[in-house]
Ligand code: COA
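First, one chain by itself: the form predicted on its own, in structure tokens.
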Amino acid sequence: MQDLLIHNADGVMTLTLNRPEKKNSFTQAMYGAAADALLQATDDPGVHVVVIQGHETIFSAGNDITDFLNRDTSNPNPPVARFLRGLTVFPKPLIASVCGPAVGIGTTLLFHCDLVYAGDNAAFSMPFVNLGLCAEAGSSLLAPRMMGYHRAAEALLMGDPFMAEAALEVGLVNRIVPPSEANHLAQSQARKLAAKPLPALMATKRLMKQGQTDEVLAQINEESKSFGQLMQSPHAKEAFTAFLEKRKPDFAKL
């Protein structure tokens, strides 16, 4: 699909978010395509590394709100759930290149990556509470572990953006470069990894994450339950209505 470009070369599968006119916001179709790609990469012995990247001006604005509100809520295994599980259990090195805004899932997916390279224009945010919702993608577990509780609480409760230097300080990104160099660096590092013995890469990643995968999957399930309940709240409905009407939400009236 054109919204998510998939390219294979030299042992590296690259997933490029390609909706710049919509700020690379995720649709259900994109989640499904990304989940399928991760599954394919898992089973393909010719793929050693996966890279997720956007444009040098935008990584992702998160969910496409209109698409999100029109999703099939009766599906017991929706595309986003398949994508999150795919990220969590992916057994090979996973690299992200992030430039510009990385909102919501644009930030939370990074907690599942092994290496993250950022442009100096990167801005990370998890504004779920501002929409009347809660954290997702296991971020309520992974963010405190990586960032420390108080910094994670500020990021998740306040929902304010934090810039590349702050992300580097807390370990969310490995290196900061000019935006024009971020994708090139991620590809270069991916090719270096792809040249290494795949069994050794996979064993090392498995050992580093041992005991964590089941815990993260359980947390994602708990987040999903709370997320679904909060979606029915008047606060979430006011937040989404305000977003579509391009105004500030008024929670005081609820």
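Nothing here was measured: the structure is a model prediction, and the numbers come from that model. Start at 1 and count along the sequence shown; that's the residue number.
Although it is not shown, the form predicted together with ligand COA is what the next lines describe.
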- Task: Would you check, heavy atoms only and a 4.5 Å threshold, whether residue 93 touches ligand COA in the predicted bound form?
- Result: no
- Query: Taking heavy atoms only, is residue 223 within 4.5 angstroms of ligand COA in the predicted bound form?
  - Reply: no
- Message: Can you tell me if residue 22 lies within 4.5 angstroms of ligand COA in the predicted bound form, counting non-hydrogen atoms only?
- Response: yes
- Message: Within 4.5 Å, heavy atoms only: does residue 63 come near ligand COA in the predicted bound form?
- Response: yes
- Of the listed stretches (148 to 156, 109 to 117, 85 to 93, 124 to 132), which one has a non-hydrogen atom within 4.5 Å of ligand COA in the predicted bound form? 124 to 132
- The single option of 172, 103, 142, 80 touching ligand COA in the predicted bound form, heavy atom within 4.5 Å: 103
- Message: If you apply a 4.5 angstroms heavy atom cut-off, which residues in 224 to 254 are near ligand COA in the predicted bound form?
- Response: 243, 246
